[in-house]
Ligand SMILES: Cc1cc2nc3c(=O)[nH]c(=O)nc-3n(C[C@H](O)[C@H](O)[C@H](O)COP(=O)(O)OP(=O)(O)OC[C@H]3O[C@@H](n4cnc5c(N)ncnc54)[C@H](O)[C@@H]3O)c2cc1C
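The data below hold one chain only, encoded as structure tokens and taken in the form predicted on its own.
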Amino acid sequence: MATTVPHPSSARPWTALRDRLLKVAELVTTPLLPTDYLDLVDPLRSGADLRGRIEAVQHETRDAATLVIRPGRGWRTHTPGQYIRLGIDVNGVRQWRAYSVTSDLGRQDGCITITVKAIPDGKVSNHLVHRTRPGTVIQLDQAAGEFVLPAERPGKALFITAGSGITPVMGMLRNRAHDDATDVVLVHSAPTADDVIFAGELRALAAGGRIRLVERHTDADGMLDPATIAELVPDLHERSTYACGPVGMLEALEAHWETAALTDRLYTERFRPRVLVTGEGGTVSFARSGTTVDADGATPILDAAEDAGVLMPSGCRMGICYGCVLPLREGAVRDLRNGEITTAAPGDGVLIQTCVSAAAGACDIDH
């Protein structure tokens, strides 16, 4: 079939006319641009910043809810176990947090889900669980993270989760982590039976023989620890183990697996940074805002600043996404993960991650 290609001389007037019309539109709509109005009409359109629209909020327990999100047209599919960064306005301030994707890749409606557990004093988690309504438009990042199953599934797998640590594992289970080639045991801990997120679905998988489910309720059974898990799962050292939950539980598991010389068979996912080394704090000054904060040596600069009312860039809050990076103009900070000290002299402008850095003496942040 023949095609007609416009001659350059005929195409150029139309291009010039289009450009002039856009300039006129920009003048008329100042300070907003035409693209701003397009965003209002079709926030999920191609070419826009990646966004999502919350289609439904489904309550799982008294303090946990699943958000059904329709991602924009730029969304690329995720790998089960990965997380996404989500940006939402809370009291007029854009806040970013990271949550595991819990949905089945085969959803027919094209939506994805995240499941959020409200934590005490959690500004974003409480907003998402208790106050967010369908129709809310949010910012999204593409999925990331390495807490995923290998392409060649292990013959025997053990999942150890507590609280909202079940969320990345649920993403795996919904995508056939328990297929016929894999023997799956899930040990999950929650305060009570009513606090088990996805309780009905997990118990149905167990009743159908797809997984072996071991529920532990801390109000009655106490905290989950390696000795208890060894009693519950006698062949645990034969299994590839995936664990997600509170830092204390993960550190105990890592120590146990290291003692057994099986660290290469344990994979962990943290929702909070692992704090290994703290020290003396100091005074943190924010040059542009004129705010000064006294911070101890165990509190991330990001948290200390927000507690003092300073609006800070943030993301995953665990040292992965680099959404919190700011220049250190002068002074010293300590990386809470390894104790490494970073210093800067006037004019250096060394970049630091404020979510995993604490004051190590007086320091000045360019913000």
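Between two forms, the rigid core is defined as the largest C-alpha subset superposing within 1.5 Å. The first residue of the sequence shown is number 1, and the count goes up from there. The shown structure was predicted, so the numbers you read here are calculated from the model rather than taken from an experiment.
What comes next is about the form predicted together with the named molecule, which does not appear here.
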(message) Within 4.5 angstroms, counting heavy atoms, which one of the listed stretches 257-265, 234-242, 179-187, 96-104 is next to the named molecule in the model of the complex?
(response) 96-104
(request) Please pick, from 328, 336, 316, 67, the one residue with any non-hydrogen atom lying within 4.5 angstroms of the named molecule in the model of the complex. (result) 316
(message) Can you work out whether residue 125 and the named molecule are in contact in the model of the complex, taking contact to mean some heavy atom pair no more than 4.5 Å apart?
(response) yes
(message) Residue-level contact is defined here as any heavy atom of the residue lying within 4.5 Å of the named molecule in the model of the complex; does residue 160 satisfy this criterion?
(response) no
(request) Check whether residue 83 has any heavy atom within 4.5 Å of a heavy atom of the named molecule in the model of the complex, and answer yes or no. (result) yes
(message) Can you tell me if residue 121 lies within 4.5 angstroms of the named molecule in the model of the complex, counting non-hydrogen atoms only?
(response) yes
(request) Taking only heavy atoms into account, state which residues of 255-271 are within 4.5 Å of the named molecule in the model of the complex, ordered by sequence. (result) 269, 270, 271
(request) Align on the rigid core first; then say whether the Cα of residue 63 has moved by at least 2 Å between the shown form and the other one. (result) no
(message) With a threshold of 2 Å on the C-alpha, tell me if residue 318 counts as moved between the shown form and the other one once the core is superposed.
(response) no
(request) Compare the CA separation of residue 142 and residue 306 in the model of the complex with the one in the displayed structure, and answer closer or farther (the difference is at least 3 Å). (result) closer
(request) Mind checking the CA-CA distance of residue 63 and residue 306 in the model of the complex? It differs by 3 Å or more from this form, so is it closer or farther? (result) farther
